[in-house]
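Single chain ahead, written as structure tokens, the form predicted on its own.
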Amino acid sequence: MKKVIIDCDPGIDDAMAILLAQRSKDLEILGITTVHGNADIDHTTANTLHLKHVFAIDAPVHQGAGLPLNAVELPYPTFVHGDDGMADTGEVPGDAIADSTEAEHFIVDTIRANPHEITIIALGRLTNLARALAIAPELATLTKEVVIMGGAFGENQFRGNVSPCAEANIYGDPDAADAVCLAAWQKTFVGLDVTMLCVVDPQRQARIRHSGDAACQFIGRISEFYNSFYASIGYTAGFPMHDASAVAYAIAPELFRVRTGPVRVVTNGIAKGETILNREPAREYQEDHWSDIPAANVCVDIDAIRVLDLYEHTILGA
């Protein structure tokens, strides 16, 4: 069983991903860390604590960064996830307390206690990982793997979702994302190039929403808000499954095809948040910002039906 830390910013799609991880026989959740992103840090932490209760997750929750590394707060995507990050259902109480407010220290301590055994599944901005690296630069070589839901590399004709070239998690803290790219993690980007191909259609959504399982019914309720957003921008066949696709990669990487090479992130200007892969065999450039950068895996294709089936069958216990 793979030991994982889930770093997240719930968020409707984070809830889907966390339930998949909780119910997978292949993953053991050692802890969940929260970060700003789909809502402010107070809401993402409260949402995570609620999911811990609803999904019966026996793991600590540690609150993390409430701002990006540059300390400039960006508007939150309330039109995607609701004002509270959880579809404004009114079901999330605000009185639960996290185990700590030092997510980066939990990450460092857990990896040091389990060298080469921990997979980090990063479903939000990468601020906590960058802060953990600042505490313990050796952390990257002690971690088994980092699976990142983030990035847009121009594969399959998909581009960014907050700009023509940037995906939201990377754009939200590009300095942190580039710091993660520079470090020697074994890392894989599960970006829009593949998650946009993995669409939860109305029939699949209905089976989850109308199941007899309380956790799945909760996912179904909040996903209606998410589906409405995607319908409003022209997605009539359903909504893409972003964060749960990253968890699926941690469970079944054989369902994905990757390219390898060093990745850098543009940290400012009109291309802020762009993820740029220098494919192997890496070419040298006059200004070579990719030289001596550890290679990453970048997902460029996905067996979408099998990933969706993995998600549905796992959370329904089929």
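Because the structure is predicted, anything quoted here is derived from the model rather than measured. We number the residues from 1 along the sequence you see.
Absent from the display: the form predicted in complex with a small molecule. The rest refers to it.
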Partner contact for Asn38 in the model of the complex: the small molecule, 4.5 angstroms, heavy atom: yes
Contact flag, Ala248 vs the small molecule in the model of the complex, heavy atom cut 4.5 Å: no
The small molecule contact in the model of the complex: Asp193, any heavy atom under 4.5 Å: no
Heavy atom of Ser223 within 4.5 Å of the small molecule in the model of the complex: no
Listed residue that, although the small molecule is not shown, lies within 4.5 Å of it in the model of the complex (heavy atoms), from Ala168, Val180, Ile111, Met86: Ala168
Interface residue in the model of the complex among Thr188, Asn161, Ser211, Thr119, criterion: non-hydrogen atom within 4.5 angstroms of the small molecule: Asn161
Candidate stretches 180-188, 86-94, 101-109, 236-244 - the one whose heavy atoms come within 4.5 Å of the small molecule in the model of the complex: 236-244
